[in-house]
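First, one chain by itself: the form predicted on its own, in structure tokens.
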Amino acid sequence: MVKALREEVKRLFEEKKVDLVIGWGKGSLPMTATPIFINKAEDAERLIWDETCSNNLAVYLTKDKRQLVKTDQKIGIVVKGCDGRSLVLYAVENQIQRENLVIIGVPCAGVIDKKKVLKHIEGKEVLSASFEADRMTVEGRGFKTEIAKCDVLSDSCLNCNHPNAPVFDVFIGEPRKSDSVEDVYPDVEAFEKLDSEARWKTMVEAYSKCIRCYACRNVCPSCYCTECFVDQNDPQWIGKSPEITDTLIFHLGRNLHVAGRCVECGACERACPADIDLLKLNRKISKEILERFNFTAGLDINEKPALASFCENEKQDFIMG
């Protein structure tokens, strides 16, 4: 896979089909990959693709890197399923010009959550990690442990039905089977079974840990506003201190802003230093959008987001009461 990816990127440069390629490279720490930007063929040797490539690279086409898509250069970008869905969302929302992108798809079997690995080995320092088939091996001073990959996959990967980019120009390897998960929202369904008081208590307990670092917002590919509502002073929507009421307003407001736009990549949850189960509320909104509008974000480049269109046969019970 890695060899094929590198050769394909070299070919794209040699045929002058790209001026820049965004992909993953080896991180400075074990179990990590880092986004890299390649502008010449020989640097393709730096590219990797494995279970550590968790970053959603689509985020580099918006936010502070928005200047990348304001030039006439051709940008190649390596994407797994959720990253590819973000690109579809960007195209639909006119954030990118599809003709200026060369999308390089890779089949995703899930990415690991480093926090889960460290919990599994009781916080020991990992000096090296390797992957083979359905297992990973971590080594450190005085220990070597094998772990089943399914035990340390990111929560976003456990119920993923879209492991391949929905739109691509080049695909490396063979696409993985899609729509193989029957029960996509077991965590959300368990939450919905709680009564209102228990649901509220669960949310307060979870979000009271938030330190308002905004890491979740900063890594989210769907949060690309020039100025976020939490940063506005005139008017000031919420307070700046980590009071639970203001914290809940931030998270609930952000969830509504990405309703019908969240691709469930899990970047927010992996970035959270407080280990908050951020994905559950996002997935709750995604489930509502699917049930009410039969829509899943980022799958069809010709379809408007659910909340940007109107159909007369949509459910109206939330309006009618």
Partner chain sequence: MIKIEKSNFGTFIQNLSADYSLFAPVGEGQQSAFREVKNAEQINTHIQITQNSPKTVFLPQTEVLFEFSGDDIQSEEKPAKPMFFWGVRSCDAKSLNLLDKVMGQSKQRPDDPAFQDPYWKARFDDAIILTLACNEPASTCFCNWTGGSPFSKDAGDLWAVETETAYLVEPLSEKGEAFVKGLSGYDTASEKDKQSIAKLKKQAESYLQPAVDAETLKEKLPQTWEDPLWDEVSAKCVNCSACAFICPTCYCFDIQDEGKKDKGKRIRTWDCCMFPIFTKEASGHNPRSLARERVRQRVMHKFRYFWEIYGESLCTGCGRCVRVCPVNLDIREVAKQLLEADSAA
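In this text the structure is predicted, and so the values were computed from the model without any measurement. Residue numbers count along the first chain shown, from 1.
Another form, the form predicted together with its partner chain, is not on view; read the next lines as being about it.
K.L.:
From the list S178, Q236, T137, Q97, which entry has a heavy atom within 4.5 Å of its partner chain in the predicted complex?
P.N.:
Result of the distance check: Q236.
K.L.:
Heavy atom within 4.5 Å of its partner chain in the predicted complex: which of E125, D151, E132, E146?
P.N.:
Checking each option against its partner chain in the predicted complex, the one that comes within 4.5 Å is E125.
K.L.:
Check for me: heavy atom within 4.5 Å of its partner chain in the predicted complex, for each of K17, G110 and N161, yes or no.
P.N.:
The answer is no; none of K17, G110 and N161 reaches its partner chain.
K.L.:
Consider N55 of the chain shown here, and say whether it contacts its partner chain in the predicted complex, taking contact as heavy atoms within 4.5 Å.
P.N.:
So N55 counts as contacting its partner chain.
K.L.:
Is T296 part of the interface with its partner chain in the predicted complex - any heavy atom within 4.5 Å?
P.N.:
So T296 does not count as contacting its partner chain.
K.L.:
Taking its partner chain as it sits in the predicted complex, is F168 near enough to touch it, meaning that at least one heavy atom pair lies within 4.5 angstroms?
P.N.:
Because no heavy atom of F168 falls inside 4.5 Å of its partner chain in the predicted complex, the answer is no.
K.L.:
May I ask you to state whether K74 is within 4.5 Å of its partner chain in the predicted complex, using heavy atom distances?
P.N.:
K74: no contact with its partner chain in the predicted complex.
K.L.:
Can you tell me which of 85 to 93, 242 to 250, 170 to 178, 101 to 109 lies within 4.5 Å of its partner chain in the predicted complex, counting heavy atoms only?
P.N.:
Looking at the other structure, the answer is 242 to 250.
K.L.:
Using a 4.5 Å cut-off on any heavy atom, which residues of 26 to 53 would contact its partner chain in the predicted complex?
P.N.:
Read in sequence order, the residues that approach its partner chain (within 4.5 Å, in the predicted complex) are G27, S28, L29, T32, A33, T34, P35, F37.
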